[in-house]
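Okay, so here's just one chain, in structure tokens, the form predicted alone.
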């Protein structure tokens, strides 16, 4: 079994879940998990005790471009929702694709107190035909730069250029591919 907080080797095995299942997780303002439903725990391969209080990126897959998460954080910190295709990594190194919807969570006074994410089974054809090639291109941009920060900035710029050329925002782009 892969180690808990390290970078486990990838198994090449892709997990799936039922179309009527929804993965739900909640975090505090810093991205630490405060809740994960049974489907989240099952796919991630962690017990509730192991993951609550850890950074949500415990399930980050190394083939997921950092620039997409940069855009995600920029969007939700500004009080807006975001939709995105995401590949996650289970504790044992398996992977699973999701179509994520991430939103800020508010208290009774309207203050942001954390973030809430619902994830559904993605359209596999969209993932294969559009998302995988796009994310590979973004990863190549990230890795081709002299340092990680420069790579992140270059890939983030590539995403912004793509959206400007398409004349849509990120959510519109995601939905234009099909859900």
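The structure displayed is predicted, hence computed values, not measured ones. Positions refer to the first chain, counted from 1.
Below, we turn to the form predicted in complex with a small molecule, even though it does not appear here.
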So which of 128-136, 43-51, 147-155, 66-74 is the stretch with heavy atoms within 4.5 Å of the small molecule in the predicted bound form? 66-74
Is residue 120 close to the small molecule in the predicted bound form, meaning a heavy atom pair under 4.5 Å apart or at it? no
Even though the small molecule is not shown here, does residue 90 get within 4.5 Å of it in the predicted bound form, heavy atoms only? no
Partner proximity in the predicted bound form: residue 39 to the small molecule, non-hydrogen atom cutoff 4.5 Å: no
Is there any non-hydrogen atom of residue 84 lying within 4.5 Å of the small molecule in the predicted bound form? no
